[in-house]
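Let's start with one chain on its own, the form predicted on its own, as structure tokens.
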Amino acid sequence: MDTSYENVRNRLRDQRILLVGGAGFIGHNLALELRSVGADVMVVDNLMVNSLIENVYDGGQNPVQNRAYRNFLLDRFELLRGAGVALRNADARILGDLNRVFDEYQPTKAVHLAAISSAVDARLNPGLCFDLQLITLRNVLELCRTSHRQQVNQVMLLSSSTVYGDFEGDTVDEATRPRPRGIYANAKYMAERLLRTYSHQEGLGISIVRPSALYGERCKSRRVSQVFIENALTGKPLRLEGGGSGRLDFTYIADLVDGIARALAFHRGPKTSDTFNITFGNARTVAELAAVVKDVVHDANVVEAPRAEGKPVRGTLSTVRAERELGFKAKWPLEVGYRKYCEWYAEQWQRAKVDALANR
């Protein structure tokens, strides 16, 4: 099969792709990527997690951080609008709301992204985690099973590398038996099982994507990659638990959305089920992450701390299947992609300082 990016464009040009929960970090970047290859894209989101109102009213005590996050959100919407992405403010937990969007848009592909983006936040609010992840997915699947069955040719789920649980070796692949821990990982795995069940029983064509340790522009999810650069810019220490020996398969958002676009373009049709790791494909230590930050912010303070009890043991996610079947090949190693992101973040932080001073 021709897996060139020109063929990605050819296959997606006539598709109408609905991104459920698509106003978030992954979703808005994916929408921009899909528009760049000619797909028609609509985002439906209740804007609960990515809430401008919450940011304005409950932004915390740091006016610079508050302004930076507000800028990230506003920039997302400006970019989406500029790219011609349609946006509907609706709650996918409510079947009637989602049905109206399906009726209006008539999507040919649906990508489910709705979720709490942080495992820490999910642990604090497990009920909301369950609702956003599973109730919304049930509603998508019911609409694709019934009233929109003939029109939707693929349902994709954004899952997570956390479904693997503690890695028993250095590398896992899609055949590795998942052993999820915690509400976030288990909700993701339950979503995978639900999706596969609908595929087996109803003949839906499905795809599951498992990303890992994402970083990139306009993220406000407080992943370690964001926390480190933000701490460096505000004089707070970069804590290396266990000396920073923990390993994660850090992945730049541009690589992820490239892989997702390929998985949408090269899907094999009804009654087929695919699962892909879409990551850089080479785990790096947290100490190496900190070294990139220090190269950008020279006076960053790096301190060692004991390893937190129960911290998951991670490693590399094999991307061999995605390379073989989708022509996917990650392009952004940590030294290039993460440095680019850190430099961008430093510029955005300075912009936020100026904005905060101007609005005193």
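When you see a residue number, it is the position in the sequence shown, counting from 1. This structure is a prediction, so every number in the text was calculated from the model and none was measured.
Omitted here: the form predicted in complex with a small molecule. The next part is about that form.
Visitor: So which of L158, A283, A265, I206 reaches within 4.5 angstroms of the small molecule in the model of the complex, heavy atom to heavy atom?
Guide: The residue from L158, A283, A265, I206 that makes the contact is L158.
Visitor: Have a look at L87, A90, A83, I183 for me and say which one sits with a heavy atom within 4.5 Å of the small molecule in the model of the complex.
Guide: The option sitting close enough to the partner is A90.
Visitor: Since the chain is shown here on its own, which stretch among 194-202, 113-121, 227-235, 100-108 would lie within 4.5 Å of the small molecule in the model of the complex, judged by heavy atoms?
Guide: One stretch meets the cut-off, namely 113-121.
Visitor: Given that the small molecule is not shown alongside this chain, does T316 nevertheless sit within 4.5 Å of it in the model of the complex, heavy atom to heavy atom?
Guide: No, T316 is distant from the partner.
Visitor: Though only this chain appears here, would L132 touch the small molecule in the model of the complex if you measure heavy atom gaps against 4.5 Å?
Guide: L132 belongs to the contact set for the small molecule.
Visitor: With the partner left out here, check for me: in the model of the complex, does some heavy atom of C342 sit within 4.5 Å of the small molecule?
Guide: No.
Visitor: Report yes if any heavy atom of G337 sits within 4.5 Å of a heavy atom of the small molecule in the model of the complex; otherwise report no.
Guide: Outside the cut-off, so no.
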